[in-house]
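One chain comes next, on its own, written as structure tokens: the form predicted alone.
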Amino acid sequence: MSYQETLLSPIKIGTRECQNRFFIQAMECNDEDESGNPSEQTTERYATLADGEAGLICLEAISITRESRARDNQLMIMAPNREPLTKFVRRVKDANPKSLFIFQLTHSGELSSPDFSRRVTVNPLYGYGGELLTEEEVDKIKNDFVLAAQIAHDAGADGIDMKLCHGYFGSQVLRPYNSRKWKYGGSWENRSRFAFELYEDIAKAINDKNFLIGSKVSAWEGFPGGFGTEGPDSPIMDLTEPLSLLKGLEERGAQYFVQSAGSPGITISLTQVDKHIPYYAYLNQYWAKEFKKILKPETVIIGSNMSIFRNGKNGLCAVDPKDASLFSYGSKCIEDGVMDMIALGRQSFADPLLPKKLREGKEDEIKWCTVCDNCLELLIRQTPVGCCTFNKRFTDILISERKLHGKLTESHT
């Protein structure tokens, strides 16, 4: 098959059908209004992505609480946000009813900024800390996630991504580092309890076979005690618990998983491969393949860190550029059974119309992400986020921020 045929072929997730194999990652953009509702800019961004014909679009991380959050102007999903979110989904769907639209639900936990919210933790991690959560507080967080899932369903979203990656609360509970002896820590049975019970509670609350549920999962966080390591003080990779998590979630109704890795504040190059080390991207295909091995054939695996492959001009050695492009290599991964869909994050900022341009035979018009990562810098600076290479507005924001506050140094997440 040609890569056009492979990448533009439909695929089923649960009872729903995606029009092609392109997935848009949850990319936070810091442009919500003062109540945490989608602004006009937010709405236009997602309507454009839908117009670009991606098969599955994931809303950026939307917080179930205002009390603990990583972004000052983060999207919120609580009772007061129900009506604005319903209007928002309707407008995105009007742009293209065929694109499936899901919400990524999150709680920031120890990544919450103490500048404007409450930083909380399940077990203090060096460099982060926070107020130690009680079992009752975690139970409330779980209930808030269930309410958020109900709101997403009622607003017209096609499903949810229960975020279990990138160092946010869902992954903090799962880590071996969460060695504290309590209801949600210590043994794997206790550390997996939150995720497993949450899936069960959401299924009972919604009871809609057409509503998708899945999770983005970091296979290996890459630091001592992180998820996917062999113990609370070891950085050595061990996929036993990540694979057990996937099997357990699949048994509780998960229809898809977005494979990822790392924790951006600690191991950013695992989460978002740097252009100077593009070969790190190959690790993600290994993890995606390991995920697929142990799951049912119908459970969809979406592979991450694909933007780095670009149009073949990516710095990868010992491979013909035409075989190492996003389209060629991405379609090969699908045809070889490594993954079922490919995810676009930074590339979706550079050109939100990529799937449509591929379908229309306009590949020469695609704007390729340069992997400059200025969009990441904008996110860290708590400013509106977009592509600085192809959108002057965001270039101007970045220049203004650097003049006002200076260049970033060391770790800033």
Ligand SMILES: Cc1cc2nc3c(=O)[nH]c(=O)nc-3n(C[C@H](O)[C@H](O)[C@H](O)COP(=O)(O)O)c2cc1C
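The shown structure was predicted, so the numbers you read here are calculated from the model rather than taken from an experiment. Sequential numbering from 1, following the sequence displayed.
There is another form of the same protein, the form predicted in complex with the named molecule; it is not shown, and what comes next is about it.
Asks: How about E53 - does it come within 4.5 Å of the named molecule in the predicted bound form, if we only consider non-hydrogen atoms?
Replies: No, no contact at 4.5 Å.
Asks: Is there a heavy atom of N20 lying 4.5 Å or less from a heavy atom of the named molecule in the predicted bound form?
Replies: Heavy-atom contact with the named molecule at 4.5 Å: absent for N20.
Asks: Even though the partner isn't displayed, in the predicted bound form is E28 close enough to the named molecule, meaning a heavy atom within 4.5 Å?
Replies: It does: once the named molecule is placed as it appears in the predicted bound form, E28 has a heavy atom within 4.5 Å of it.
Asks: Taking the shortest heavy atom distance, is G36 within 4.5 Å of the named molecule in the predicted bound form?
Replies: G36: no contact with the named molecule in the predicted bound form.
Asks: In the predicted bound form, does every one of E32, R119 and Q382 come within 4.5 Å of the named molecule, counting any heavy atom?
Replies: Heavy-atom distance to the named molecule in the predicted bound form: none of the three under 4.5 Å.
Asks: At 4.5 Å between heavy atoms, only one of the stretches 136-144, 338-346, 222-230, 173-181 reaches the named molecule in the predicted bound form; which one is it?
Replies: In the other structure, the partner sits against 338-346.
Asks: Could you check which residue among C165, A324, L125, A288 gets a heavy atom within 4.5 Å of the named molecule in the predicted bound form?
Replies: Looking at the other structure, the residue within range turns out to be C165.
Asks: Which one, S99, S112, S307, S215, lies within 4.5 Å of the named molecule in the predicted bound form by heavy atoms?
Replies: Selected residue: S307.
Asks: Though the partner is not shown here, which residues of 52-67 have a heavy atom within 4.5 Å of the named molecule in the predicted bound form?
Replies: Residues within 4.5 Å: E60, A61.
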